[in-house]
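One chain comes next, on its own, written out as structure tokens in the form predicted alone.
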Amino acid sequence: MTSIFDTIKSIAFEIDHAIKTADLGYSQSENSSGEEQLKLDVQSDIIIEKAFASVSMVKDLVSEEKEGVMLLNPEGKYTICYDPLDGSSLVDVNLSVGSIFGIYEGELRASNLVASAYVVYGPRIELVVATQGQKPLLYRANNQEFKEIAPITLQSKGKLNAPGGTQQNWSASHKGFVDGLFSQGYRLRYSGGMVPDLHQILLKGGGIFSYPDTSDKPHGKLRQLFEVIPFAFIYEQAGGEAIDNKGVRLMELIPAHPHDTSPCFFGSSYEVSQLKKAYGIQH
């Protein structure tokens, strides 16, 4: 596993360089979800593909920017599912973006995720790595190296509320939940980038990020293998919770297709309990 994490560290520096220097325009293609691809999305995807091609323990790659599964090393043990540049549309306005990695052993389902990681490209490059049975670890880049900073632990209650989706498409239950948090003094923190928003909640000690089922996206927007499951693992390892709109743990998801989506909520225990109450979830 060390070679995988070392590869992610090298990838982070390459993508950070691309963000600072590459063409920010659109390519002439769409990804597997029918979204128009930025040239930077494609370039980041190529960087990751090339980096893992020489890591013998990586059998397959599954990318948000590709259709299906890409075989790398037939004798490999792990499949890496990744979003090469989450929030890439924010680059042209100079907001933080990130890369997400889920490391699976065996069938692509949440119960087979053995580790996950994400990188934040902001004023500083930061990396969070989570493995089974351990608190997620925060690393910070310094002189082309990552230095371990501290383990991450979520408090039982936070102050931040990051609600995704277009408000006019929210259900009455979700609107009531969000309004209820604001009436308790919660602060709105939502950039439109999953990585920086979830990272902020983790480092500030608590709160909740939500991307619910909406009238225009009844199955949610965020992708299970690349985004939802890797962050669910990190939040649970940090002492938080991660559930869907039915109250089911996101770490129980079994995707039927590599690009399946799910409503998702990540947060401290208090905020998740308030969500369940607003949604009428009994368990």
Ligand code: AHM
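What you see is a predicted model, and the numbers here were worked out from it, not measured in a lab. Heads up: residue numbers just count along the shown sequence, starting at 1.
Here the subject shifts to the form predicted in complex with the named molecule, a form of this protein not shown in this document.
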So, in the model of the complex, is Phe101 in contact with the named molecule at a 4.5 angstroms heavy atom limit? no
Heavy atoms within 4.5 Å of the named molecule in the model of the complex: does Leu253 have any? no
Determine whether any heavy atom of Val58 comes within 4.5 Å of a heavy atom of the named molecule in the model of the complex, and answer yes or no. no
Just checking whether Pro136 would be counted as a contact of the named molecule in the model of the complex - the rule being heavy atoms within 4.5 angstroms. no
Just to confirm the contact call: exactly one of 47-55, 66-74, 254-262, 214-222 touches the named molecule in the model of the complex at a 4.5 Å heavy atom cutoff, so which is it? 214-222
Any residue of 163-189 with a heavy atom within 4.5 Å of the named molecule in the model of the complex counts; write them all down in order. Gly164, Gly165
